[in-house]
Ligand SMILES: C[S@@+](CC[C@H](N)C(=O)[O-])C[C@H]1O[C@@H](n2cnc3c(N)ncnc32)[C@H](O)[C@@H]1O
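To begin, one chain is listed below as structure tokens, in the form predicted on its own.
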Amino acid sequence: MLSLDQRLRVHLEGALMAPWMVMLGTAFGTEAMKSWDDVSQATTQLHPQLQEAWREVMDALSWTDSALGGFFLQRAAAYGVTTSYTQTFLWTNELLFGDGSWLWRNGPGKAEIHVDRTLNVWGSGGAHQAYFSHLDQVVKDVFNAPLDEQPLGLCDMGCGNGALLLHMLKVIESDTLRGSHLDEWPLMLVGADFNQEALVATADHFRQKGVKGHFIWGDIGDPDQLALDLYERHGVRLGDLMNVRSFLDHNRIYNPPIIDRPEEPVSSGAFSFRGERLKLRNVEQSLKEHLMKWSAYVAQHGLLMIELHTVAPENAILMQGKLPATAYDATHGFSDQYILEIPVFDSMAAEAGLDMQMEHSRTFPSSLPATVSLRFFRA
């Protein structure tokens, strides 16, 4: 067990280093830094005074050309998401004791206040790659089926910077039957997002890779409108695509449930919307009704998703330092996001008529309590 002084040092070290690593990582670009040559390349993009300060930081931590330094710098994107919520943390006093809707005072079409979305997209694209390899087997099974039974392509709702779509394309090209017949059976890649900055980031990423894609505004809470827009603009039905998404459903705008939920709540979380605390049973029912909206569009080719979750407080205490629950509950709790526990999420999905394909579903860590799930649903 670390002493109080040691724990304080670890926490302060992380808080101080995160912005440095993120700054260097974004200077390098969309890919992760994999070598000290990459670090040097990124460093040259900084102002000379920042370069000198960075060298002092590296020396102080004994990171220079060390395995430890390389380990963290390769994972710079993992700090991007948390760092992107800095503005939210600056307003925590107001959120807790003043106007809980303060961070949402911006008007329609204006940039978000609570999060640096460009930084969030960059961090998400990099950090989430750790889970992408676990989606590969699902993708292979789907696109190794008889060609006339396969989906026309993929629709990533909440495409971020397009990293998930590009990863799946690579898997399909190299390891599936479809990849050997792309001339006769071309693959449609659709990136949809609520945020215009994310659509720009995805389009830029696709251009860098020389890949063609279709990019469209969409709201995860309104699949009917997405389906209509997709058909009118690109002539393709949403249900003819395999729907994929990563870490998105919890970040939808809260819609009060249409039907009152008679059952007692199962979740142990605490959630709010624009400064008003929500009843847990309403959060659970809202998730169920949200997933029901998607059921018709995932009946034929399925819904492949990675999702973020909270854990019960008693489990967070027992596994202190082994789960990122504190960071996630802070960033997502203060910004009106709904990370229900995995068993609660699975239960609402089942009630919504989604059938979990067990052979393609897992959690991270592998046993509960866990904070990340991979699920493949069919309706």
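These numbers were taken from a predicted model, which means no experiment stands behind them. Sequential numbering from 1, following the sequence displayed.
Another form, the form predicted in complex with the ligand, is not on view; read the next lines as being about it.
Enquirer: Using a 4.5 Å heavy atom cut-off, which of 127-135, 87-95, 179-187, 146-154 contacts the ligand in the predicted bound form?
Expert: Stretch 127-135 is the one.
Enquirer: Would Phe247 sit within 4.5 Å of the ligand in the predicted bound form, counting heavy atoms only?
Expert: The answer is yes: Phe247 has a heavy atom within 4.5 Å of the ligand.
Enquirer: So, in the predicted bound form, is Asn195 in contact with the ligand at a 4.5 angstroms heavy atom limit?
Expert: Contact with the ligand, yes.
Enquirer: Using 4.5 Å between non-hydrogen atoms, is Asn251 touching the ligand in the predicted bound form?
Expert: Contact with the ligand, yes.
Enquirer: Examine Asp219 and determine whether its closest non-hydrogen atom to the ligand in the predicted bound form is within 4.5 angstroms.
Expert: Flag for Asp219 set to yes.
Enquirer: Pick from Lys140, His167, His214, Arg117: which residue has any heavy atom within 4.5 angstroms of the ligand in the predicted bound form?
Expert: Exactly one listed residue reaches within 4.5 Å, namely Arg117.
Enquirer: Select from the listed residues Gly269, Gly80, Pro223, Gly158 the one whose heavy atoms reach within 4.5 Å of the ligand in the predicted bound form.
Expert: Of the listed residues, the single hit is Gly158.
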